[in-house]
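To begin, one chain is listed below as structure tokens, in the form predicted on its own.
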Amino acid sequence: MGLDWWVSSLFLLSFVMLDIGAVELDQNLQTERISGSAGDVLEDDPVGRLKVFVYELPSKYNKKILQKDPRCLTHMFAAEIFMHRFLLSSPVRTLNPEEADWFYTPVYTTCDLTPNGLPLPFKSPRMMRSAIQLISSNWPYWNRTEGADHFFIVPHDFGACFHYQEEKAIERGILHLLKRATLVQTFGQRNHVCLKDGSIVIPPYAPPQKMQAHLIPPDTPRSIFVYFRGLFYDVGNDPEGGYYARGARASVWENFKDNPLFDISTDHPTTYYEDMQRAVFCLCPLGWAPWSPRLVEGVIFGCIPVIIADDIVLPFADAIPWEDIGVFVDEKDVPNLDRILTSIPPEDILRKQRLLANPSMKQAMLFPQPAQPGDAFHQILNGLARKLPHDKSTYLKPGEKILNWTAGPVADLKPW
């Protein structure tokens, strides 16, 4: 197809999208309710369906770590901090562990940041082991199930595998002491050693107030067809290329850097959030891990997420109809991205936009303070409630042991 055709299509789409701009969570624009059980699940209220006991750990596991580096409150791994705060005042919290359905151990394993603000996972396994040793020594509840009725927030790149490079994360595997626990994590990929059965996949943290402050008038035309800001290559960690993002981001740049329909760059402008609200499609390619905050940003700003991450497991997939609101492109098909997106009928684009405008969809992707009905906190609780009642296999027989406390890399066994 010729260049004139592409540009004419974009011009027409900008008018088609006039009424489907960015929306505030409480704005009464034309939306479409999620059909079937997914919509019901999204609007579930977990209160009254479960009780959670929060272990009171020494502050060195959480509050003191945060005091040393307040940046942990704003990075994309901050769900572990805000979930702790939420549970402390949540109506599902119980102070009586004998009546608890679930037990939560507040450990801030990602709050060890480089000068660039990236989490260092190397102390995390020892920190987590130390916390588990503490609760198993001071309370009887871990020992009766070896953690099968406990949940942990592990928002690292590869969850409880505790490494930011996939090859090394796979080599490590999930920390052995967490093998029976329910893991609440941002990482999700089918048939991957770092995603165990029964895990709850959640969105990464994105600052709600900051995004709210950048909303633009909802009648602003969506004059950008495809938008992306971020790395295409990671020369520092992947000097030879091809390993970072499995080459998918490099392929985006090499194939579309000169295409007028693609507004892509490594620059991160101050108008980043505003630009997303002017775009029809926002690319959400994998990086070192398959997930990224762009998924959250796309949903909040009504920009159709184009998900390029083979076998990804998306946040709250039983409640959010990702197939209906997004576009999935196989990594091998990135060179055909222009043809794939321009072949989507306008009526399909409009329906995706109407679904994205649904306030409950947006709410489910956020960790607001204070918490609000239907937000990500409540979706996590819904996921835990749906696992109840616990199976008989949750509880060990007298004298039964399953976990090996000395399993794993030798370095993980050192005291924290």
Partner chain sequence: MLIHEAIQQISTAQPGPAPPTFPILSITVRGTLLKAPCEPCGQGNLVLGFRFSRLVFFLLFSNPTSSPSSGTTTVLARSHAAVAFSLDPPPPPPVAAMTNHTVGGVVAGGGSRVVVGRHGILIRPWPHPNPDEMMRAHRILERVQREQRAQYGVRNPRSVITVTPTYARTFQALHLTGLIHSLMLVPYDLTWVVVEAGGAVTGETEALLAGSGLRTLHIPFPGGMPVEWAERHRTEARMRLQALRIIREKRLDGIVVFTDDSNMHSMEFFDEIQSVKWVGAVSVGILAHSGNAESAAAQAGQNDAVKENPTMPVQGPACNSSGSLVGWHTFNTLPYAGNTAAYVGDRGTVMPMKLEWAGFVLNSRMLWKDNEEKPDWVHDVDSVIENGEELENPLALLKDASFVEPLGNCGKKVMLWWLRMEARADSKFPSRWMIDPPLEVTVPAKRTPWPDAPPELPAEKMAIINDHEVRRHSKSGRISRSRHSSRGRRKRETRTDTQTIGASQSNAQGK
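Numbering follows the first chain given and starts at 1. The structure displayed is predicted, hence computed values, not measured ones.
Below, we refer to the form predicted together with the partner chain, which is not included among the displayed structures.
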Thinking of S89, M127 and G399 as the candidate spot, does the partner chain come within 4.5 Å of a heavy atom on all of them in the predicted complex? no
Within 4.5 Å of the partner chain in the predicted complex, heavy atom basis, the matching stretch of 131 to 139, 89 to 97, 317 to 325, 111 to 119 is 111 to 119
message = Please tell me whether any heavy atom belonging to E274 falls inside 4.5 Å of a heavy atom of the partner chain, as the geometry stands in the predicted complex.
response = no
- is_contact(H192, the partner chain) in the predicted complex, heavy atom dist at most 4.5 Å: yes
ask   = Is E80 close enough to touch the partner chain in the predicted complex, meaning at least one heavy atom pair within 4.5 Å?
value = no
- prompt: Does L261 make contact with the partner chain in the predicted complex, using a 4.5 Å heavy atom cut-off?
  reply: yes
Assert contact residue (the partner chain, in the predicted complex, non-hydrogen atom within 4.5 Å, options L178, L215, A289, V306) equals A289
Residues in 141 to 174 that come within 4.5 Å of the partner chain in the predicted complex by at least one heavy atom, in order, are D157, Y164, Q165, E166, E167, K168, I170, E171
